[in-house]
Structures are given as structure tokens and as C-alpha cells.
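Quick heads-up: the C-alpha cells below are two forms of one chain, split into structure 1 and structure 2.
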Structure 1
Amino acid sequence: MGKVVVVGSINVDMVFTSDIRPKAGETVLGNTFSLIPGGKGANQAVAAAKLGAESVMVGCVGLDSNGDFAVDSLKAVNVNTECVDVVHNVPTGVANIIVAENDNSIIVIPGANYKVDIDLVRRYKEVVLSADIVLLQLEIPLETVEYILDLCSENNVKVLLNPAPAVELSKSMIEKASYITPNEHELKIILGKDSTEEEMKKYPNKLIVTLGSKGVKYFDGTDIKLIPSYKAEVVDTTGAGDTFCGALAAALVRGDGLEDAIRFANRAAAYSVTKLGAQSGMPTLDQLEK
């Protein structure tokens, strides 16, 4: 199995559930509280590791209990955390999630994730360039993402970019990424225009567009292919997109062709929605094969 190096965010999700959403100035009694490891980078590193890839995390946490919790959660599933720096005077990234009235409200504090800067990447340059695929998201500074794309392009290292949260990407960034995995909404933002199938045809085997329950589409150089998703009993969709990206990277580094890798990632994402939690719901290779 090959090596996936993830450069990205590490968060701790603080989830409060309540029957009522508090209004401004109001206090309500809630039902449950959970502390859950998260962050797109960490989630994708966990998905890749659980599915058999050698998974290395490059990122930052604060000198606090949340940082300890997040790193321990990564180590527990064999993600290599030697390139996770502990930074002082900045807290570990957190998301405050209120689940009430069949919806959620989220406040994200990036914290130490904004310390994942170019200097950090330069320090771990050899590790980044040792990857079979580098996996990126957009929860760290955009200039860091651009630097890694340049670095990997110059050294013929493949990059899988998950453009979330979405921003318009420069033509250079799109060209330097080997694979980009937007959903339909993100596709329109990253291209800076209404996405059409004609736009997709400019990027064969690169734009891998996730469509939720409808599956995944991409242009294979001849046709726009739709790879259907797997039917699943939905319990919790949190982390399904991250599962897809980590699984896609794991399949590609073990040598699967793109279509087979997408089918494998679809299966992993479908499995993940049948369980509660992002990282805890992600399947192992054994679970997926059964």
C-alpha cells in the first residue's frame, strides 16, 4: 500500500444537542454533549489509514487538552503524527456545533490550523515529497495550499485537492492539482462560473464531482461518466465527503485505476453514513470487504 500525506486541519468538534435552539440572551437546558475529533485534514487522514494506506498527518494543534485529544485520536488508528506541531499561545481548532430543531448551527475557530504555513511545509518538505499522493483541503491558509501545489508540481508528486470550504481557484491551482473533488455547489465556486459539462471537459480525469446519493461524475477523456452511489440506511452523513476523499486517495496509491478508485470511495462513503460520527463511522478495509 502506498503513502498518503495529508497537509490540513485538525479540529475538535464540541457537539451540543437540545430540543430548543437558544435565542439571543436566552439559556436553555440541553440533552447531550460530545467531544469528537474532526477537521477535514484529520478526517481524511483517518479514512485513508483505516483503509490500509500509510497515512501521515502534517498540521498544527495548540498546547491544550483538545490538542492532546486530537493527536491521540489520530494515533489510535495508526496515522503518523510526527509532523503535527504543537504551537503555543494559539488554541487547537474547534467547532461549536448546536444540534436542535432538526438542524445545526456551527461556529468554527480555526486556531492552530492557521499556523499551517509555508515555513511548516518547508520543515517537512522531505515528508511531503515522499508521498504517493498529497491530500489537501482549504481549512488552512490558501497561500500554503498554493505553495504545496507548486512544490509537488515541480517534483512530480500527485496532489488530490478537496476544495472545501470552497473559494474560486486560480487556473494555475486547478492545472497543478492531479485530482479535485468538489461537490456540485463547490464546483461552481472553484471555477468562478456556472459549471457546465463543457467546463468539466476541459479537465479530463481531474474534476471528480460528488453528487451525494446520485453518485459521482467525471469526464474520462471521451464521455462524462456517472458512477452510482451505493444504497445505505442513513444514520449520520457527517464526514461522508471526507471518507470519500480519504478512500479515493487510499485506492489510488495502492494502484487502482480512477474508475475503480471512485467505486471504492463511493462504497466507503456509503458505509460511513450508516454509523454515528465522522471518524468513528469510517470503515476499515475488513468492514468494507465484508
Structure 2
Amino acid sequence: MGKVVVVGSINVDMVFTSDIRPKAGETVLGNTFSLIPGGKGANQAVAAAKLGAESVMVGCVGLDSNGDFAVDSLKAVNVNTECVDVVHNVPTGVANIIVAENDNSIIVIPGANYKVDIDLVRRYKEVVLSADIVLLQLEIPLETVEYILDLCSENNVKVLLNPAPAVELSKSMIEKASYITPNEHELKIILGKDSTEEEMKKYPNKLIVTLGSKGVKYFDGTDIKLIPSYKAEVVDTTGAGDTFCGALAAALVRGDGLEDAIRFANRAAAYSVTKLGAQSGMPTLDQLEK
């Protein structure tokens, strides 16, 4: 069993479903409200754990009931939370998610996630460096992400960077990551370019671009390959990207080649969109096999 260490965000998602997405200035009556554990980091740690990897979460929550809820949900699926700090005077991160008209819109308030600083990573350095793959996203301070990329590249530890929410990445960050998993929209932002195919060719087997229901494309050194997605009855796509990343990491650390790992991650992500909420729909290995 390979080891995945996630350094990233932990949120509680407040999920509203509605037939209509309210326009600016408008009030609409919705259908359901749910509190669901989320945060891109926690979601990816859960996906990896449910799919058989040893999964460790490094992050921060506030001293509040949301923090307890989020940490308990990680423990419930065997994510190791010994490196999740409880910080005072800052609330646990939250996300307001509207699921309407077959899509979602999300506002994230980072709260305690912005306490995931370089000092915290230094304290948990041995854990981070014990990983077969470190998983990163961009819901913690960018300087922390840069520090971890430096640390891991100096110590030959692989990093899978999910650049969401997207910002333009420096050349050095792109070089130091082993895998980068933007969606199509994020790809343009991280590269700072509108046309991306030639850029993709500069990073063979590294830039793995998710295309929603169309699947995934990446440059394998010879061609730009399209690995199609699986058919799914979509309820909510929130966390599809996170399921993809957690599953990709779980497959890579157990020794799958990149193409097989992408196929496996596509299968897990298709499964996840059939249920409401980021973590609620993530499959176990048994569920995927059935």
C-alpha cells in the first residue's frame, strides 16, 4: 500500500440545491440544504483513502463544531489526522455551494486553511517527506505550496499539484511538480496562455487536463491522448476533480502506469458525480469493482 500525504484545505460545505440559480438581487426558494465535509485537500485525502492508499492529512481547522465535524469525517474513512492542527481565533474553512441548473457555484472562505504556513510544514517535514506522493491544491497560501515543491524536489519526493482555484504558476513550480491536474479553464490560467496545445507538449506526462464529461487529455511524449470518461447519471459534479486527483494518486502509489491510473481515476470520478456532495459520492475499491 503506497502512502499519499495531502497538505491542503479542510472545509465544511453548506450545500443548497435549487431549480433556479438566483441572479444578482434576486431571491429564490430552493429545495434542500446539507452540511457536508469538503475542502479540496480533505476531499482528495478521502478519495485516496477510500481507494486503498494510506492517506495522511496535513492542515488546520478552527476550534469549533465545523472543525470537529470535518476531522471526524476524515477519521471515519481512515485518513490519518495527527498532522491536522486546531488553531484558535480563526474559524474552520467553509464553502457556500449552490447546485442548480446542472452546475455548481462556490464561494470559499479559507479561515483556518490560511494558517497552513511554512512553519507548520516544517514541523511535519518528516511526514511530508515520507510520502510516495504529496498532493497539493491552491486553497492554502501559495508560498506554502512553493515551499513544499522546493522541499519535495530537493528530496526526490513526487508531487501531484491540483492547481485549483487557479493562479498563474511560475516556471519553477511547474518544473518541480511531477503531475499537474488543471481543468481546461484552469490550464489557461496556470500557463498564462490562451492557446495551450503547444504548451502541453513542453510537459509530457505531467500536465493532465480534465475535461469534465469528455474525460482527460495529456501529452504522452508522442501524441496528445484523450482518455474518455465513463457514462454517469449526474446528480452533482462538486468534487469530481478532487475524486479524480485522489484516485490518480492512489493508483500511482500502488504502481499503476500513468495511462492506467488516469483510466482508474476517470472511473472513480464518474462514480462520484452520481451523488450530492463532494465526499458523499466517493467510491471505495469494492464499489468501483462492482
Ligand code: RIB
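For clarity, a rigid core is taken as the largest C-alpha set superposing within 1.5 Å between two forms. One-based numbering along structure 1's sequence throughout. Since this is a predicted model, take the numbers as computed values, not measurements.
Colleague: Which of the two shown corresponds to the form predicted on its own?
Modeller: Of the two, structure 1 is the form predicted on its own.
Colleague: Has the Cα of Ile118 moved 2 Å or more between structures 1 and 2, judged after a core fit?
Modeller: After core superposition, the displacement of the Ile118 C-alpha between structures 1 and 2 stays below 2 Å, so no.
Colleague: Return yes or no for Ser105: a CA shift of at least 2 Å between structures 1 and 2, with the rigid core superposed?
Modeller: Comparing the forms between structures 1 and 2, which are aligned on their rigid core, Ser105 does shift its C-alpha by 2 Å or more.
Colleague: So that I can tell if Val28 moves, could you say whether its C-alpha shifts by at least 2 Å between structures 1 and 2 after the core superposition?
Modeller: Shift of 2 Å or more: yes.
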